[in-house]
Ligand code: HEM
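In structure tokens, the next block holds one chain alone, the form predicted on its own.
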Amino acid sequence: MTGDTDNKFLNVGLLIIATLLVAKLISALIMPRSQKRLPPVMKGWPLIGGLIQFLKGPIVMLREEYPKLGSVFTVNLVNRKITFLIGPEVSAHFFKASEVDLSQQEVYQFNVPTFGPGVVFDVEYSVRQEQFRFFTEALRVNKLKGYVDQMVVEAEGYFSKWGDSGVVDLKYELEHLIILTASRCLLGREVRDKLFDDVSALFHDLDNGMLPVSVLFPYLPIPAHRRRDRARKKLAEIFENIINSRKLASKSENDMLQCFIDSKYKDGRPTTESEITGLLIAALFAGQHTSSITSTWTGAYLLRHNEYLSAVLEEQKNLMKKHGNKVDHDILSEMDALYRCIKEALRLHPPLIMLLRSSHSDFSVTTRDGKEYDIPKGHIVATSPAFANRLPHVFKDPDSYDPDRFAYGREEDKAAGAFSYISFGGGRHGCLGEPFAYLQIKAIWSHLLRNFEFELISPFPEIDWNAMVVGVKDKVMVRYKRRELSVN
């Protein structure tokens, strides 16, 4: 009896498969062929497409497929199609298109449990634009000048606790200092002075609640997600108390928290406590990892390339002759050699290795060799800063560390067009925190360069491709010795 039942199920299954194959064959024969010039498709397995290759890591996949398929190609991932646009010649639409045509909202929904309801990717585009305006106002030059003063104080205080010589893990030290600085500039004096340990632990739980599985299943009932949700609720309570305390005391501070408290929508509505908490979390997530990762890479490359270390040391000596030991916003802005070294570390190691959009309308692109492709609506559209920043037709010797590629006269970041260098994205969705990030990293490394000699004693760091925000793998051990730079 069981054998008969099994045979029946087998026969029914074979009949369904045969019917589907015949239907597909008939459809192919009688339906008119699409006139669209579709991009080449990466070879993959039936049903799952290129999922196996993609799960090896997007950069590994791009390295394998770009030489074969070119700058525009599609990857089938089960029921989704991702079309990659690699290089400045084909990515203009990605960065310049309106939200109506290419949307961030659908592809970044996994952030909603972390940031919270009513902010960023949980609101309509018009509301999100107003919230981005709040960020812009909080990062204006007059605000940045005050933040820099706080950055400098934090760096001086932190490194004053180091001895005259010793060995430290540069990665750990910079991560810790960045979160201290961000607490003071973004989250407020109350958090920095009284609640830092509590808030830092809660952010740690939030951070650990954003896993690769969270991208597909952000509400999956796993322990990491439950800790994330508890931390988010507790943070909301903490900031609600701080906000109410400031309002009752009519106190105003120079930090991003205060900017969000004072912000109003176009219709005159003030921000709510819940929105302020969500915007602060989004700001810290956007900046904390990227700044600490880039600070670490900057130091590792300087300690490996003595010619560039000498150049930034000479720059610091010249600025000390000119301004004394003072460091402020305007003096940091004069540090061109250090700026180029940071920018080159970011070119080689952008923390966000993939940027995504959801296509709501058809569009066309033309490659640099003249091929035209039509990208259908419904595709996920992607580009990769980590891959595009190393294209040999854009950057000379792309895998080498060469900050002078950004110097006047070379300017390789502009050589192939507006989107040659995309570590901070670009166009409509360019990173609002770029000026803050450069100032923060400059403030830290200016202090280190003026006050310490360093030697890298561990192997040059490897890339941690398994992280959500791709950074430095393992420790970066350095030996330091305190010194005074002469201004004579």
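The numbering used is simple: start at 1 and walk along the sequence shown. These figures come from a predicted structure and were not determined experimentally.
Just so you know, the form predicted together with this ligand exists too; it's not on screen, but the next bit is about it.
Given the stretches 72 to 80, 349 to 357, 387 to 395, 236 to 244, which is the single one in contact with this ligand in the predicted bound form, using a heavy atom cutoff of 4.5 Å? Selected stretch: 349 to 357.
Look up in the predicted bound form whether I463 has a non-hydrogen atom within 4.5 angstroms of this ligand, and give yes or no. Flag for I463 set to no.
Is G430 close to this ligand in the predicted bound form, meaning a heavy atom pair under 4.5 Å apart or at it? Residue-level check for G430: yes, a contact with this ligand.
Hey, in the predicted bound form, does Y158 get a heavy atom within 4.5 angstroms of this ligand? The answer is no: Y158 has no heavy atom within 4.5 Å of this ligand.
Can you tell me if S420 lies within 4.5 angstroms of this ligand in the predicted bound form, counting non-hydrogen atoms only? Close contact is absent here: in the predicted bound form, S420 is far from this ligand, nothing within 4.5 Å, heavy atoms only.
Among the candidate residues I276, A283, L174, V381, which is the single one with a non-hydrogen atom no more than 4.5 Å from this ligand in the predicted bound form? When this ligand is considered in the predicted bound form, the option within 4.5 Å is A283.
Answer with one of M256, L338, L302, L85: the residue that has a non-hydrogen atom within 4.5 Å of this ligand in the predicted bound form. Among M256, L338, L302, L85, a heavy atom within 4.5 Å of this ligand in the predicted bound form occurs only for M256.
Is any part of 436 to 466 within 4.5 angstroms of this ligand in the predicted bound form by a non-hydrogen atom, and which residues would that be? F436, A437 sit within 4.5 Å of the partner.
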